[in-house]
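Just the one chain here, laid out as structure tokens, in the form predicted on its own.
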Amino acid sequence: MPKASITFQDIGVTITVPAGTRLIEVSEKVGAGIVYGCREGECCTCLTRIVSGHEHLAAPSVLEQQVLRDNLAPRRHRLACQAQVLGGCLVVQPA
């Protein structure tokens, strides 16, 4: 199974996870500063800046795209509860 490496800039921790893992799951395990509300992709509380490796995430769902638009999320930001890693290396920072 493919693996992904995720670095959380806020705490300086890098972890390797299986492809298909959502960013919020990893954040909780390592104690990163990504906060969340609904975990369903509706509240935008877990907005996260993808510093590098954006191409290693699954495409946002229609719901996530709409929530990002409605909340005027900057480019290269994703909802951690929805963003699923596909492999490669990512660097993220809570928004």
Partner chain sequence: MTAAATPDGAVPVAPRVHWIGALDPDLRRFDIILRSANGTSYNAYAVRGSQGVAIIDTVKSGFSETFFRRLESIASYDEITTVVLNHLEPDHSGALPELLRRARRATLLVSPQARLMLQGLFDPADLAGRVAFVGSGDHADLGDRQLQFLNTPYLHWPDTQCTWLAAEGILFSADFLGCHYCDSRLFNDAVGDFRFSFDYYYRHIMRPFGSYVRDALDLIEALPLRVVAPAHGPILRRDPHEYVARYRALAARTVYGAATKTLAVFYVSAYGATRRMAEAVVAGAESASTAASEVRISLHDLEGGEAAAFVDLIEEAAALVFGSPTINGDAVKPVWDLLSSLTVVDLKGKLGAAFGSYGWSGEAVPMIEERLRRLKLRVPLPGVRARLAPTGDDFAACHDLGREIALHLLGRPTPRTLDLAQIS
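Numbering follows the first chain given and starts at 1. None of the values given here were measured: they were computed from a predicted structure.
One more form of this protein exists, namely the form predicted together with the partner chain; it is left out here, but the text below deals with it.
Using a 4.5 angstroms threshold between heavy atoms, Gln84 stays clear of the partner chain in the predicted complex. In the predicted complex, the partner chain sits beyond 4.5 Å of every heavy atom of Gly20. Remark: Val35 counts among the residues lining the partner chain in the predicted complex, judged by a heavy atom distance of 4.5 Å or less.
Using a 4.5 Å cutoff between non-hydrogen atoms, Glu42 counts as a contact of the partner chain in the predicted complex.
Along 10-37, residues Asp10, Ile11, Gly12, Val13, Thr14, Ile15, Thr16, Val17, Pro18, Thr21, Val26, Glu28, Lys29, Val30, Gly31, Ala32, Gly33, Val35, Tyr36, Gly37 each place a heavy atom within 4.5 Å of the partner chain in the predicted complex.
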